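Only one chain comes next, encoded as structure tokens, the form predicted on its own.
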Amino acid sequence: MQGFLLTKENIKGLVSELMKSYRVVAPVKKETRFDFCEIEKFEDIRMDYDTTILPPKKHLSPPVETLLKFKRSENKAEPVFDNTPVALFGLHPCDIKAIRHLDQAFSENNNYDRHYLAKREKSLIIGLECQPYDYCFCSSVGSTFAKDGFDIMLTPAGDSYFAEAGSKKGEEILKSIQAKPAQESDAKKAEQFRAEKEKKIVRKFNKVNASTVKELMEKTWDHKHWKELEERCLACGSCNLVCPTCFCFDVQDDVSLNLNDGERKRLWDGCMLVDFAKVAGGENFREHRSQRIRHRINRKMNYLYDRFNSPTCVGCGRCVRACTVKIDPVEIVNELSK
């Protein structure tokens, strides 16, 4: 795919072009933090954001989503699909990789999640290279850079942006705004930005990496550190709710007051909540907080590794930032590594 060089005015033109056909979602300022929200104008976008409160997955797999509507009197149910085209603008490489994981989770083994995939089919992803911030550890889990999963990738190159098309759709959009083809010098500036970015990442696993952390998890199942973490954890589930790769959900039927009309909804759920592993009869397979913490970290670093061929943690650091007692996957891995 051809590279292009975009000025700020070109970026503005790109967003204007996208808004003709898509609901454009981008990082915007929310008091002292940032969030992915639908924008009304280019000036709302913050290209310099560190990370967002919630990941962009909320626009593909919403916190609460209606799956179908039913009428009991007619014994009738109709599925509900949101087919509104959405352009996710300004995603950092970790969030792009997270969406790749969701794509696999919701489509593997021919067990397709039609509601997620309907939105995904109508979506466009425009990535944005980032600067490391206080909580990220992407280099330890192999998500520092995005090699695929995007339609367009923007990397700072001096005062402009080096734009790579990752799909035919992305290439067509760049050509439609009459973006200037990039020169070799522009590509080198982008490469230099990436090299400097990698040097700035200071939070890392000490003795393991993305390919060996699975083995560490398997060897430390009964480590005393899990019990030590139990003394700190509040089991609030904040880490689950801000994670870009958590895809567990609960399903509930909501019947109206006339006891006839109703909706079936799914809601985000989290393995850190006390009732998550409770089954009929009252048995709870992970009653203690230490068991739930161990499960969550192993799910990211171990259990799903064979399915996705990498950790499903992408090192965005949102869980650490959201945790009121600052339980940190990096500290956990490094303590277990000792």
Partner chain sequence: MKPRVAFFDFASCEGCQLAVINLENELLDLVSHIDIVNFREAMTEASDDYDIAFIEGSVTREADIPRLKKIRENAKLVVPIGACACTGGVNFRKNFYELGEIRNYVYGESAKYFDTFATRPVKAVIPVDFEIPGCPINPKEFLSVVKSLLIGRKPEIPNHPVCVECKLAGNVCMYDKGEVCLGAVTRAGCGAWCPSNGSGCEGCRGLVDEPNKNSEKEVLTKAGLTVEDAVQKFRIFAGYFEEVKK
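As the structure is a computational prediction, the values presented were derived from the model and not from experiment. Numbering follows the first chain given and starts at 1.
Although not depicted, the form predicted together with the partner chain is the subject of the following passage.
Picking from 201-209, 85-93, 146-154, 248-256 the stretch near the partner chain in the model of the complex, with a 4.5 Å limit on heavy atoms, gives 248-256. The three residues I11, E38 and D48 each lack any heavy atom within 4.5 Å of the partner chain in the model of the complex. Though the partner is left out of this view, R23 does not reach within 4.5 Å of the partner chain in the model of the complex, counting heavy atoms only. Under a 4.5 angstroms non-hydrogen atom cutoff, the partner chain in the model of the complex has R72 among its neighbouring residues.
Taking the partner from elsewhere, R289 is found to have a heavy atom lying within 4.5 Å of the partner chain in the model of the complex.
Put simply, S16 is far from the partner chain in the model of the complex: not one heavy atom of it is within 4.5 Å.
Contacts to the partner chain in the model of the complex (heavy atom within 4.5 Å) from stretch 291-329: R292, R321, A322, T324, V325.
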